[in-house]
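Only one chain is included here, represented as structure tokens and corresponding to the form predicted alone.
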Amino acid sequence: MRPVSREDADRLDAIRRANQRRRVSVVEAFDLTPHMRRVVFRELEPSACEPARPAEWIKLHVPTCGQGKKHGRAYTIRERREGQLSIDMALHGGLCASWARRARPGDLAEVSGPRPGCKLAWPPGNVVLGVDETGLSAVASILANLPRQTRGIVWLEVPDARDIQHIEAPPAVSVRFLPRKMTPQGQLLIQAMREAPVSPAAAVWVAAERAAALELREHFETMLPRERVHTSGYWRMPFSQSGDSSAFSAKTRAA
């Protein structure tokens, strides 16, 4: 058995710390749009006080009725300051979303993390970003941290026009919402990103349904070096319900 190196020991320690659960209490919960709810937590055992990094995420563990254990899903940190965490949750099916709909001040849950979520070489000078509603919070945090001279385009697919939010971005980054209405999930995002002009110097970041993310990865890797194309499947559409935009299964990563 080979000895554990200092680098391996540090990595294992970081994994252990990221997996440790800490108690949080709901401060407030309210709907941002018909399909997005913000929950603000007070950390009872804070692990960090600096602002969240781009697309940094935690895992939220909420009580499961009648089972005596907690159900967990990953969510991007929209804001962290003064011992509070804010996360924006897409209100689709699932135990965490159902819990968020009922959340009231004083309700208790647990979080683990945080973990990094943006693997782009930082800061990118030119970006092509694309998400559905599950990645909206992540892309907002990336945009908020970009230098003002950054150029590029962002595509955000949302359920309908009522879900359009104001997103801060550098002046030369165009932000375009894609309300899908009755269009199957992911189709508008795929079409828009496949047709978008791409600079040879661009960095691409996508967070969406798994099949859409994979298709876009294949598309952009034909034009750009792999290290400048990062895609994440934040959730997976059940095969039996692929035409139903409200059907979300267990997520590989959520926002």
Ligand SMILES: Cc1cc2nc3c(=O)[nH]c(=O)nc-3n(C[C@H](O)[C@H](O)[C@H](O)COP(=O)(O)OP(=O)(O)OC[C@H]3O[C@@H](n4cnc5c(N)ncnc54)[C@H](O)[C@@H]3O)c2cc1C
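In this text, all values refer to a predicted model and were calculated from it rather than measured experimentally. All residue numbers are counted from 1 along the displayed sequence.
There is also a form predicted in complex with the ligand; it is not shown, and the following applies to it.
Partner contact region in the predicted complex: 95-103, out of 144-152, 169-177, 123-131, 95-103, criterion any non-hydrogen atom within 4.5 Å of the ligand. A single residue from the set 156, 140, 90, 85 has any heavy atom within 4.5 angstroms of the ligand in the predicted complex; that residue is 90. When the ligand is considered in the predicted complex, residue 73 lines it closely, a heavy atom lying within 4.5 Å. Within this chain, residue 236 lines the site of the ligand in the predicted complex, having a heavy atom no more than 4.5 Å away. Interface membership of residue 220, defined by any non-hydrogen atom within 4.5 Å of the ligand in the predicted complex, is ruled out. The ligand in the predicted complex is not approached by residue 41, whose heavy atoms all lie more than 4.5 angstroms from it. Contacts to the ligand in the predicted complex (heavy atom within 4.5 Å) from stretch 185-208: 185 only.
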